[in-house]
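Next comes just one chain, in structure tokens: the form predicted alone.
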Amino acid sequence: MITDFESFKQELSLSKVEICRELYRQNRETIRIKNEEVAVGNLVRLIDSTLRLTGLKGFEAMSLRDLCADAGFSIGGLYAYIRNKQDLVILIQGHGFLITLRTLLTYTGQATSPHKKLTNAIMAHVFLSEIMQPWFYFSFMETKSLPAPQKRQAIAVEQKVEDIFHDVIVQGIEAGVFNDVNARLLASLCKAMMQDWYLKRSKYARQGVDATQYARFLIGVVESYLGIYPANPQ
């Protein structure tokens, strides 16, 4: 259950290590480090530094030497994980895809009612994109330049995220607790509104809106459309 942004952030920081562990196991053919614990810790540093530098100067402007300086790697040490920036894009994309799907499935799985599943999914997505805003922005901007297999994977993951929302809405409609609406269209609209949060972050900053306020506002809009109200959750 999601209670607030700070507790969500603490839980996410714990799961990042396990996500990097899975990423390491999926990329054993390119990562030349045998010690799993060392490799996982270095992957966390490498990904954090890439996203930090991307947020500061943009991915295209970031050099591998910049990344080494920020993450504390030597060039040779870095090449034990990636051969070039294309490998880095694939690594960063894989990390984000894993953590996004895992987070949404975890928080929807913790809820028993369609209403709670939907509110958990919205809050988890908005909070996750607040914490990982550089990755979400990076993913949106870099997908078009990915090699064809990774581009297809990115599109498939986007569809899976939308499907999570669609399936929860359908559950609520079939249970008779949501209005009978176009579930696919509403899921697409939810995704677009959540995307607006991380793509146009400065717009909401100027309005003084934080992640919790945005998530609650979006939940309220969706609840109203579905005929569900916070005072009487079903």
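A quick note: this is a predicted structure, and the numbers were derived from the prediction, not measured. Residue indices: 1-based, along the sequence shown. Heads up, when I say rigid core I mean the largest set of C-alphas that superpose within 1.5 Å between the two forms.
As for the form predicted in complex with the DNA, it is not shown, yet the points below apply to it.
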I33, S74 and N84 each touching the DNA in the predicted complex (heavy atom, 4.5 Å): yes
Interface membership of M62, the DNA in the predicted complex, 4.5 Å heavy atom rule: yes
Contact of Y79 with the DNA in the predicted complex (heavy atom, 4.5 Å): yes
4.5 Å heavy atom contact, V38 and the DNA in the predicted complex: yes
N42, heavy atom within 4.5 angstroms of the DNA in the predicted complex: yes
Region of this chain that lies against the DNA in the predicted complex, out of 63-71, 46-54, 179-187, 199-207 [heavy atom, 4.5 Å]: 63-71
Core-aligned C-alpha movement of G109 between this form and the one not shown reaching 2 Å: no
C-alpha of D66 off by 2 Å or more between this form and the one not shown on rigid core: yes
Rigid-core frame, C-alpha of Y24, shift of 2 angstroms or more between this form and the one not shown: yes
